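Coming up are structure 1 and structure 2: the same protein chain in two forms, each one given alone as structure tokens.
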Structure 1
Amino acid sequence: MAAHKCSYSALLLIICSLSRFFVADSQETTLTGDNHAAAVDNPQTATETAGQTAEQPAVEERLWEATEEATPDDADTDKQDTSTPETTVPSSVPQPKDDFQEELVIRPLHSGDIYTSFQFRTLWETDFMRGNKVSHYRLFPKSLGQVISKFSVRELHISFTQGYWRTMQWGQPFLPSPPGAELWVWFQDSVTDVDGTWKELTNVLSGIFCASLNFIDSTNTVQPSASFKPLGIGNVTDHRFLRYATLPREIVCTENLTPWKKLLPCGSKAGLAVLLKSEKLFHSSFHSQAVHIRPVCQDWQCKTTSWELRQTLNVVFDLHTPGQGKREWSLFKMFSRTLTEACPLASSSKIYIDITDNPQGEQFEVSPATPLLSQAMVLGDRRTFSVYDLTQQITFGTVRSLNLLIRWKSSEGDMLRPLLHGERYVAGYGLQTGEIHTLMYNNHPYRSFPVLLLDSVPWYLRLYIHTLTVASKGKDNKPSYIHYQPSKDRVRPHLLEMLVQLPPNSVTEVTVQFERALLKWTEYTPDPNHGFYVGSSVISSLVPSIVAMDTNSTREQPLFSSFFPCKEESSYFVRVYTEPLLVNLPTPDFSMPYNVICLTCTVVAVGYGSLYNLLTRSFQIEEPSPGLAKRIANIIRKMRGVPPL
């Protein structure tokens, strides 16, 4: 009986094994048949997928050959040639939803300084506003993505600047910024408590960037009505959802640069970020780092949108030493490092050197030389650049290191004056009243254009708005638009916006008188005699351009030329910041408490101490001590056993 049960069990085990084998075989046959049917339905998919690896080098070679053309007339033809192989990419291949690009622009200035501008752009095709929780971050930093989704941010622009940009010596920067810290944010129209959200956002950003943004409150926050429009694709311009604030006394140092570099996909380990060495960057005449977040169009028809994170860093190095008798610079001299590779996560990594003022190589010589040239519209002027593509191994040569070097041959040549320039200063005497003067220069020889002036003045400078005067060429210049919001003590600052027409080749002066307020002794800074800072004025305008602007923002072009949108071909957008003001307020003598404490302690120690000694000390009559001879005699008599004298 036992043998029968064993044979029966073995038979069941064999049957189960055979059934599993046949089921697996049938599934494999079905999968193979499905794949074969798909290949029959789409015969190009298999061949294109197999030949994708073979086609990629050819595409890169064609792109490399196309960029070698230096004439602008063949630019459109080159782009059409390079776009032809891209159309053969099969639709079944999933395209990445995020992209990262990095650039470095180097411009030799006529003053002998070197202007370097780093541009890092991250594009991500996602939507933070639909309530979907985004959990996977690849290139876009998670900390900023959570800030956008939590606080319903539509646009965010923040900058930290050390130094003042000298427009008359250096020209216009690619991205302007005022000294200190600047923050302006557009919120979504779904935000109900904008002020509360703004306060929480500043505290979070203060922790992310290790800055003093938590000092931003209602006393230094304004709501501009016309000066700061959205730079993205947003159509809603309700200024109730806009907040703008500055901290002109903010000091920028290494602790602000470190978290800024950590937002990059490659950090400071590879790519252009390797050059960001703090001890070199802060040993410069001007340093500015910024973060800009905005929604942009994914294609030229704007059917899909993406979020753009643009990190910029602008530095001006003073490398000209007249005593040495030579004028040259290199990457190693500026940053103490050279480039060895591009960021592996970057789809584009390039270095641009501005050679517009050196067409024949008469002023300076660049080595190693490159045959790649590029032309771009920058601030209304067509500029020519030498291009170094870091994604190509031929750029680094046999030594696998790139150290760009410029040797100056001649220092001749004049810089064209900027068409728009602004200055600001405080006039008057005493500590009761004063005047704020704002000068706006229109250096265009024959065209006038309107400018929008924004002034944010703290509440402790009480403006007399009836004394406001605007004069050009000795005549009154009546503004066509004025928006003024008076201040409230310890609640909000003054806000003044004006639209003024600047005559050609003129200086327009805006003057307003103010009165200094008395602060409470707890409202003074630790160094009140240093003074109180007033933020820079903001001048925005569409400046006339000689060269027509390209209105196609989706066409391939350098990052530094495509930040501010421009719709009119005859003008380009410019934003200028004036100097911050340093105003002295009536300051009490904070040394008086110290003097009072010292006097009180002296009186107590002398008066009360003497009285206490007289009341508590006991007096006793003390016999006079014997002379020296008598003491010696007593010692001798004691040794002899004789009683003392």
Structure 2
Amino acid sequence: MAAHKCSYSALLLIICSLSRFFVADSQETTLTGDNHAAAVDNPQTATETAGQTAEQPAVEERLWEATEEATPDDADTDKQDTSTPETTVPSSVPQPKDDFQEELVIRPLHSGDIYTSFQFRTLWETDFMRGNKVSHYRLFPKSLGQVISKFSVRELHISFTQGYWRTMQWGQPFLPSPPGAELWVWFQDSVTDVDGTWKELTNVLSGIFCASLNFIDSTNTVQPSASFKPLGIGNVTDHRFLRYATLPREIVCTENLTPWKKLLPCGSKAGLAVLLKSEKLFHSSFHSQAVHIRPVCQDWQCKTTSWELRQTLNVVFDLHTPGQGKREWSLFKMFSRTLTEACPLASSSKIYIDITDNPQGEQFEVSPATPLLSQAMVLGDRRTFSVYDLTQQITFGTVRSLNLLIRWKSSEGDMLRPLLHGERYVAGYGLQTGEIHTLMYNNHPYRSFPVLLLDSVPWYLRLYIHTLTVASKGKDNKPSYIHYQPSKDRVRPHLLEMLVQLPPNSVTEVTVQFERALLKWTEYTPDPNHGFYVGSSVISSLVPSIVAMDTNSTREQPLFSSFFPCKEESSYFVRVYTEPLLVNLPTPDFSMPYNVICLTCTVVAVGYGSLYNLLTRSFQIEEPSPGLAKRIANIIRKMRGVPPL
């Protein structure tokens, strides 16, 4: 019964993911290959042949001066595409089998913070799973390639995050991630011992990323039935091959950043990666780095597949200046570096600045100005970006370095109302029981939509699943699908997945009571009074878009907008992570054993000793001891050798 339900609900996401990849991603990859060729060639020749391309790029890049229309129709964009120096066609140069792209998106947030998102993508047309060993690596990092082939990994997603993404102030991130470390892996269906492979894999990754991923074991690993579907091609959705684990306590620092940077083809020597200086990256409000590996289609028909390695780094800089001080930021201010060149190995290297909220330049002013603009659908919203192409020498100007600068003119920021966001907290007091509250907000004014809630709770919080309630607007909201796997003490955690319909403009509250378990004394962490973490719950949903999406699905899109596939144009996929929880368990006073030993010994000595005596002894009237005189007499008699009296 449960399995049936599972497959039914999962269908939605599977279809969504698969179809999207057959369509959009394949387009993108061919085109990016073209771009690379164009960069090598003379751009002028490229423009001439541009008109012959049958495909239409999803990113329309055009001169802002050329047209004032904010939303040009398809015909217009076609024409403009021919005139842009950017759009390219395949040339006679043979395509290399691997390809590298880099990209930086900068989005000024409402709260006055700056969101910067780096994305690096390496594509490689190879097959790790074939019998012949892949030994020649060019752009693709060898360490990860070996991991893929050794452990038969089909998809691998790993993220390290320091901080919590403030959805209410910052909106949705391009790539969501929970605080701490998150790892989810789809294995090939040829893997027989998934758990064993998973265990090995986590240990290997732990070494590669210098993180404590080796703490992932059966007590924090779950197999979500519906929430995490493959994002690459492939049609196996049997969740026996999926493993998902989070380490909410993992602290991310420079030691994790360095190995991450080493995976880049240019390292941190050239290109956008020169900006990745840890002293500034960790001086921010939010820091998240991730690695995603998945197989993607190489072409339209998906005849050949290639492996995609995406490395992303999201940072939010806190540029709060109190009072009426001037607000401005620049690349130098944020990263203490400026850009001088693109990575020589990159086929494309661009900087996007989100100027959607600033169409007329009334909010802020960007310098140096760029003639290139681009539009893209990001998370159900049509955004406009200024584009700086680092492969062009013009971008760097006469000083041969690019230092983007934004000056704010007005400093008003209001709270965003993201369509979907979640919140979680522990209610109650005392150390015996408690209640986990998960709040899911649907801020859409008139549409309801379903969300998948995934909760993985460690075994030491014993969930009373009969107390599970789901209520929205004060009414009971019956989930259409519930997958619950009870925990086993010291073996596996609770897994709770639910498909809940969120009514429009409502808050849905999921509550479940729990009891705090008593741990064995060796199971406490070295700092037991700090508390124990419960990982974020995951809310995945197809959120109806505010903006109707283009029907034309063959466009090329920027990388940041093309991660989560989606089929239905009027909705987009969003994953929201709630806060992790810090729960105090009943903790003994560990200085106590000494006192306890003393006390126990005393009690045993006095109490048990007396009792034991009473139980085992029989009493007898004692012979009256002889008087003093008799005793003396006896001594004398003894000396005399006479028997005593």
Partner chain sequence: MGNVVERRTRGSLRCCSFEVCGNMAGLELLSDQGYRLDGRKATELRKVQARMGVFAQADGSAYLEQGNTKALAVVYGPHEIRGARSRIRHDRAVINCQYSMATFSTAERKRRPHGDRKSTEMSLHLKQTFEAAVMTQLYPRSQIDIYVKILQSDGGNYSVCVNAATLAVIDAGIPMRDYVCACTVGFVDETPLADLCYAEESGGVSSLALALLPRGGQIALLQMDARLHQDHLESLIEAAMTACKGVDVTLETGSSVSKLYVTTDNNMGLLSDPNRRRALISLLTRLNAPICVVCYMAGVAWFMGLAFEPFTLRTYMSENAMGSTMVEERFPAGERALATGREFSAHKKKAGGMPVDWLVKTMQARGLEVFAQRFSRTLPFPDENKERYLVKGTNVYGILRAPRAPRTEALVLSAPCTPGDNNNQAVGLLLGLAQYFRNQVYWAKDIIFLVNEHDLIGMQAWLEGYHHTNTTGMDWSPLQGRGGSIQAALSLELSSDVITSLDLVLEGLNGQLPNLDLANLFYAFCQKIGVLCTIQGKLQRNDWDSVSGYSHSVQTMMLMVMKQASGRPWGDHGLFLRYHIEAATIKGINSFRQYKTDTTTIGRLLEGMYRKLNNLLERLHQSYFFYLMPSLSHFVSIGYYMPAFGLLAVILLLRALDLWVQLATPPPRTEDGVADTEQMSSPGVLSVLTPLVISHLTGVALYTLPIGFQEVAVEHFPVSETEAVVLTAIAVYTAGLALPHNTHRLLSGEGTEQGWKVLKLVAVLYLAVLLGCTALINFSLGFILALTLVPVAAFVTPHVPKVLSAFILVILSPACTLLFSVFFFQELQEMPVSFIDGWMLFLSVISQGILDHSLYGSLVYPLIALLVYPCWLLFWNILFWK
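Quick caveat, the model's predicted, so the values are computed rather than measured. Rigid core (definition): largest C-alpha set, two forms, superposition within 1.5 Å. Counting starts at 1 with the first residue of structure 1 and goes up one by one along its sequence.
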Structure 1 or 2, which would you say is the form predicted together with the partner chain? 2
Align on the rigid core first; then say whether the Cα of Pro586 has moved by at least 2 Å between structures 1 and 2. no
Rigid core fit between structures 1 and 2: Cα deviation of Val596 in angstrom: 7.3
